[in-house]
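Just one chain follows, in the form predicted on its own, and it is written as structure tokens.
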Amino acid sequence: MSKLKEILVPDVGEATDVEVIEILVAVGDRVGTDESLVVLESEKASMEIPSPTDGEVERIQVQEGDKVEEGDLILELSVQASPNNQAQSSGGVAGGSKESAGHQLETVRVPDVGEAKDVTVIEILVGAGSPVEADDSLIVLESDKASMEIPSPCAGIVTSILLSVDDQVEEGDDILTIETESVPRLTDSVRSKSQSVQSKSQSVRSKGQVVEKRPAADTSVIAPQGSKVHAGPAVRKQAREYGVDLMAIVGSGTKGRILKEDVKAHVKQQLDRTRSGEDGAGIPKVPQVDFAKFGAIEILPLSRIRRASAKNLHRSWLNVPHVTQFDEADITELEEYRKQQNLELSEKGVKLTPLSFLIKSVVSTLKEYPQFNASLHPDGEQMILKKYIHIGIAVETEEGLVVPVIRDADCKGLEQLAIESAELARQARDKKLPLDAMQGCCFTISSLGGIGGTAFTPIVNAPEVAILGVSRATVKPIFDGENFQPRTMLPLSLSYDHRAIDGAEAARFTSHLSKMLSDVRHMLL
């Protein structure tokens, strides 16, 4: 006996505008565990979604070009059900019933919530004695993936509520009881229909569509003082992040419930009101030129990663007062030591790169100058010092620049840093980089050493406060007090946010970093 397994969009962290760019299977295809199903692309990276099990593609719920978010249904697989699952299926979890004196008492239970975790009751929409019709919403659940209204499987009178707001529930838990008059027992087909309605409700809500068609609301209208705001924790968190007062929003969801899309629409409306004919922060737009008048041209679309990078860099450039400190590090001995170690490590297939020494040296310098391992508080009055050290490494790919993160770099040795940085770079270029691998960065290293150049000004990746640029090392004649000696010198370019860091602090940072790189023994201290 087979059953359907839903494949959902996984945790995409802080990524936004996640788009389905390729569907790798078709209905009827047999797929194996870990076989890629679709390719998603966010503003940061591309990501292939693997199948968690063997099965046959029963239904595909997305199309190329669709925008999705965590918890959205991608497709359904037909898989062989285990004996335990078959037993559970025959018993059902949507509800149970007891008959007495011509009446039937239905117990409504939590349906199948898939792989969702920490499912919480966030709102109870009925009370004891409330009359309900079939498919009327009874309660609202919220998981780590989506909000979900549980509909009534039948008409009747609610006799008792068996849970409370903020309760943590799971599949099969009792929700409430409903007394019906001469209503046949809930059949498997009715249960199936109920679960289908629930699944549809969750899918529609996660895609931001309005479940109940209502007239367009004027989001500038402010709700009466003291009126109740109907919104789940995820929407309230989003409103706090945007600085939006939920009392100023009229919800478009069922019974006036505020959805994430309502918050976004409100923010967009406010931005549209203040936007003039100028771009961004009042900067005049670049004039449009018809280049075809002067000769043949070709128009090539930018990749999503390049478009997202352009927005992020523009935002950082406008908001961060950049200053760049230039310096050099003598890495003559370091290079000799690195080449010697690579001969010894060749049997293990490990290669120490200059980047691994850079990361190790940066970690040591961040410990000495923790203000570089920080972010400005949004209120502009405080500094957030981080007690962890996660280092981002800029990686060039065909689609554009991505920055995977080496977590807890201060707890790793040179060999481990070399292995991990190489693996992250490989995953980035192969579009296999997990989205969560680009979160939590404290300080970024952008190295052009393998390409060339003498110096450059990297743009701070806000909310970080500094970024290190590394150019190509060259051999120079350096005067040692008596003679000129050939030394391998590495150019360093440290860009920093002048609101958080002074020039003297930046000079001390690069001096300390140069010291670490000039003698590998300093890294042992």
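Keep in mind the model is a prediction, meaning the values are calculated, not measured. Numbering starts at 1 and runs along the sequence shown.
The form predicted together with ligand CAO exists for this protein as well; it is not shown, and the discussion that follows is about that form.
Here the marked residues V362, R407 and M523 all miss ligand CAO in the predicted bound form; none has a heavy atom within 4.5 angstroms. Only one segment in the set 156 to 164, 421 to 429, 300 to 308, 122 to 130 has any non-hydrogen atom within 4.5 angstroms of ligand CAO in the predicted bound form, and it is 421 to 429. Of the residues V110, I258, V395, L435, just one reaches ligand CAO in the predicted bound form with a heavy atom at 4.5 Å or closer; this is V395. Only one of Q238, N319, T353, T332 lies close to ligand CAO in the predicted bound form, with a heavy atom inside 4.5 Å, and it is T353. Using a 4.5 angstroms limit between non-hydrogen atoms, V79 is distant from ligand CAO in the predicted bound form. With a 4.5 Å cutoff on heavy atoms, G449 counts as touching ligand CAO in the predicted bound form. Looking at C441, you'd find every heavy atom of it more than 4.5 angstroms from ligand CAO in the predicted bound form. At least one heavy atom of R338 is located within 4.5 Å of ligand CAO in the predicted bound form. The partner is not shown here, but in the predicted bound form the stretch 463 to 485 reaches within 4.5 angstroms of ligand CAO through a heavy atom at V470, S471, R472, A473.
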